[in-house]
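Shown below, as structure tokens, is a lone chain in the form predicted on its own; questions about how it binds or moves come after it.
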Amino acid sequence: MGIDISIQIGGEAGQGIQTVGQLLSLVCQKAGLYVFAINDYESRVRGGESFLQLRIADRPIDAPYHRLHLLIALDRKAYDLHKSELDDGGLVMIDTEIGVEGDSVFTLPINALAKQAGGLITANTVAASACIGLLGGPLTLLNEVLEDLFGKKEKSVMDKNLMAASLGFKAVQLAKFQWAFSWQEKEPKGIMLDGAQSIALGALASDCRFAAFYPMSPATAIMSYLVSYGQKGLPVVVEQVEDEIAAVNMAIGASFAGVRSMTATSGGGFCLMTEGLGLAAISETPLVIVNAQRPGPATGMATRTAQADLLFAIYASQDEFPRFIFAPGTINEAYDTMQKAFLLSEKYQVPSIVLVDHFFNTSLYIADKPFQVPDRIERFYVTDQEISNPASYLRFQVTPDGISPRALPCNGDALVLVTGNEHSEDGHNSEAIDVRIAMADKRMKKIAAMTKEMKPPESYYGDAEMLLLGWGSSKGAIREAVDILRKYGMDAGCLHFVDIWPFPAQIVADMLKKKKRIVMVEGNMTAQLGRIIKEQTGIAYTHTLLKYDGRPFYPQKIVDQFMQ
């Protein structure tokens, strides 16, 4: 059997749960293992129970595991909440001071050892080193990680952490843990990063030079990464503004001037941006918006996950106009999708909306496929030399494909007129019937070519008689569920959608025809993708597996629905 271990660090917000997870993840990566981690926390700075669940394997993984092999409980409540999730042979590691006993409990004087090392602040290092020891791992790898993290700080800080690591590791040497495994010396498997970072990197690879935002979980991390890259010298300006309305309008303004621009928000902020979305549409200004979804209307559940904004994104803002909707499911897909969103938004002069969610943005992945930086950035605007007569330039010229020649303002003799009102070909306001019809038809003509840009859903055992259909961040869980179902003898496969709108109707219809069971696996209450498929193809799904509790999909939980 291969390695597949699930470890959960639980406790009160502010206890450094993420620090323990970070140390363990870095050690596993150095050892050539794959890791996948999810963050579960409440929307408060301190108080409330949080946890980080880390899955360690010797094969690529993109989903959490539903049971725990090791629970590191930093307080009593974490023990009470999660002890029932232990798998057979699982173990709870908890501080001796908490006073919990039992057959599956291993008590360790975590705080006492931290004080011995030089301060309570090193308790996280004690816990991480004890965990490495229980798993049978080498202390040397943790020491290397600590030196990488603390080497540039005061020597006393690093020395305290190295001492804490030594004490925690030695304290568990006589303990027996059923799920310990043999660690092999292997090269690290690619790079480790979370979903938000992959989105930011994809934007930079697209030559994004300006981003505006108002902080809103779970999108803020995307902009934080962009800020950090700007501080390191990359040519991107990031502006934190007073609200989401300002953010989207600043992005539109920068894009109008010729700069590739974006904004990122969550559903509530996207609501405020819809008027700006319409402005981008009628002015045919490229715009990329990342909507990091979360559950509930209004504030909803700020630090939970959902897939309930799909229909909203497709129909947001008034009237009718074309747009692109994408929903990546892996960090490599996110990186590539951001580049596609910028490229196509500029090519067709329409908005591109990228849907992610809290689960995707905050989960930690290993990317073993390198991120490719394009050799050149293709741009879509014209200069005076490409316009036959700049003095008679028509910004919204009616063309067979609906795409007008886009000149940049103050970049030559061509006069660029743009307005938020309906307008004639030269950009002046107009309410004439023939002009209104011509402009509306012109914009919608783009859809034919835009649809051809859409990739079909990725097929995994697509010839199976039962297909599970999903989109966005549920990809890893659905694919793993398919593998389990097939081991049980079920003829199961899946389709995963990244490119969603304009919907590639004919391709999807061909992939779904004659299927006995079509199961929609979505993080919403109404099978929103399923409704789109029925509308666009006439093919109705037969079953649903819907989740709207704010938590992510687990592969085995999907399987259990079919085994009842």
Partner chain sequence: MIDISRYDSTFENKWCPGCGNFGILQAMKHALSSLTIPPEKVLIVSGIGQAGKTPHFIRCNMFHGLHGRALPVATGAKVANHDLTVLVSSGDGDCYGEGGNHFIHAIRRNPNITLLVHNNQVYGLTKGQASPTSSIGMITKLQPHGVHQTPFNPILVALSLGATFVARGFSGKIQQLSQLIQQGIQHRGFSIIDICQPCVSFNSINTYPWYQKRIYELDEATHNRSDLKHAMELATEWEERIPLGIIYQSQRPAFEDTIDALKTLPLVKQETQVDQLRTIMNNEHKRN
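Residue numbers count along the first chain shown, from 1. All figures in this text were calculated on a predicted structure; none of them were measured in a lab.
Missing here is the form predicted together with its partner chain; even so, the following discussion is about that form.
In summary, the region of this chain contacting its partner chain in the predicted complex, judged by heavy atoms within 4.5 Å and restricted to 111-119, 174-182, 444-452, 370-378, corresponds to 370-378.
Its partner chain is not drawn, but in the predicted complex it has no heavy atom within 4.5 Å of N524.
For the chain shown alone, L204 is a contact residue for its partner chain in the predicted complex, at least one non-hydrogen atom being within 4.5 angstroms. Although the partner is absent from this view, G233 contacts its partner chain in the predicted complex, with a non-hydrogen atom inside 4.5 angstroms. In the predicted complex, its partner chain sits within 4.5 Å of a heavy atom of H428.
In the predicted complex, every residue of the candidate spot (V259, T285 and P409) has a heavy atom lying within 4.5 Å of its partner chain. Just one of K347, K160, R479, R209 comes within 4.5 Å of its partner chain in the predicted complex, counting any heavy atom, and that one is R209. Listed residues A306, M192, C494, V92 were compared with its partner chain in the predicted complex; M192 is the one with a heavy atom within 4.5 Å.
Residues from 240-260 that approach its partner chain in the predicted complex with a non-hydrogen atom closer than or equal to 4.5 Å are Q240, V241, E242, D243, I245, A246, N249, M250, I252, G253, A254, F256, A257, G258, V259, in the order they occur in the chain.
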